[in-house]
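As a starting point, one isolated chain is supplied in structure tokens, in the form predicted alone.
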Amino acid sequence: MMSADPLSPQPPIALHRPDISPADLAALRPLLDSGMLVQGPTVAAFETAIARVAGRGHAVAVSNGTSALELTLAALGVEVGAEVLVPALTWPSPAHAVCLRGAMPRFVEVHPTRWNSEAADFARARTRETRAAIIIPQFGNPVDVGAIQAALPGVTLLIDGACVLGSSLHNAPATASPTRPERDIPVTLSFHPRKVLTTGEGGMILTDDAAFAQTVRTLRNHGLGADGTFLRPGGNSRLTELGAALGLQQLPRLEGVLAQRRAQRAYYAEHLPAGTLQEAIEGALPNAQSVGMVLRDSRARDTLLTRARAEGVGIGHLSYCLPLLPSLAAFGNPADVPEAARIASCGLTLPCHTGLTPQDQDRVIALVNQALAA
């Protein structure tokens, strides 16, 4: 067998690749043949399975994670003009969902090494106008929901858990309710292709409140109630049977996927400078949905990203500081959330997925360390 040409370009390394097998694809054929493609028995089975894994009483499947946020805010009764606390470092969906309700996002600073808004951050951001708060376990890194609840008495809470499926805190699913909840705290999930489990696009709303679950079921399907009556105006946020089938196929492999991703993160941590990767609170076991790191300054970050693109290595931007986005600039000042601004400007995310080989990781690590030494 001929040896590889040492001058030939190395194959590209993807930032992420969904864990979809031939068996997953084969599971779609019976559904296509059946003609039942939307909100049938496969969606119901997927809801039951996710509720069990997440440690919740009810799960309501929807078309994507953003729809899950929008429907949850509506079902919680977040009204026009209400102030909603939102972590300043995240994808814009939660703040956009607040705006689409006619409510007002108020941005919350994040912890400098854990990158989550925590109890003290929420308490400092609260005003007399605060009516609700969105908790985000950033990149699947669990946050102490009970402490936040204690810091925000009387405030309606929801968890944007888009990335958190499979993470745990004190040996319990990070999606489960706090030990002594003041009231039910719903969790939204995303099954976007970059998540640890994907349905292509898709989302889920988790709750222990049966009435709340029925409300979001009505909202996801044109306001149609269980008795066949259109009870209120509603849109179409239904998950397809095909998406649910993909999710059901992947669930038995989830623990293996998580173990592989966590091993990859541990390997990065072993071979990259200490203090650059995201840290976790005591008792947390993150799912390694994303492996992020923060460099010393934005110039170093941008130089590394440029070099990575040139070499076909899928290193990407980490996240966004929301008040720096044109769509949200009117609601806050980045000077009020300097840690979120710093992390967004200096952060990047490293390849982490089941298709990543040890050789791929070594290439990524060498590229990062070369850039840091420059």
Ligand SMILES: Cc1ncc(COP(=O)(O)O)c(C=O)c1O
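Bear in mind that the values here come from a model prediction, so they are computed numbers and not experimental data. Position 1 is the first residue in the sequence shown; the rest follow in order.
One more form of this protein exists, namely the form predicted together with the named molecule; it is left out here, but the text below deals with it.
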Please tell me whether any heavy atom belonging to residue 163 falls inside 4.5 Å of a heavy atom of the named molecule, as the geometry stands in the model of the complex. yes
With a cut-off of 4.5 Å between heavy atoms, is residue 60 one of the residues that contacts the named molecule in the model of the complex? no
I'd like to check something about residue 212: if you look in the model of the complex, is any of its heavy atoms closer than or equal to 4.5 Å to a heavy atom of the named molecule? no
Hey, in the model of the complex, is residue 177 touching the named molecule, heavy atoms inside 4.5 Å? no
So which of 94, 286, 243, 186 gets a non-hydrogen atom within 4.5 Å of the named molecule in the model of the complex? 94
If we test each of 258, 136, 294, 216 for a heavy atom within 4.5 Å of the named molecule in the model of the complex, the one that passes is 136
Thinking of the named molecule in the model of the complex, which stretch from 189-197, 259-267, 146-154, 294-302 has heavy atoms inside 4.5 Å of it? 189-197
Which of the residues spanning 52-68 lie within 4.5 Å of the named molecule in the model of the complex, based on heavy atoms? 64, 65, 66
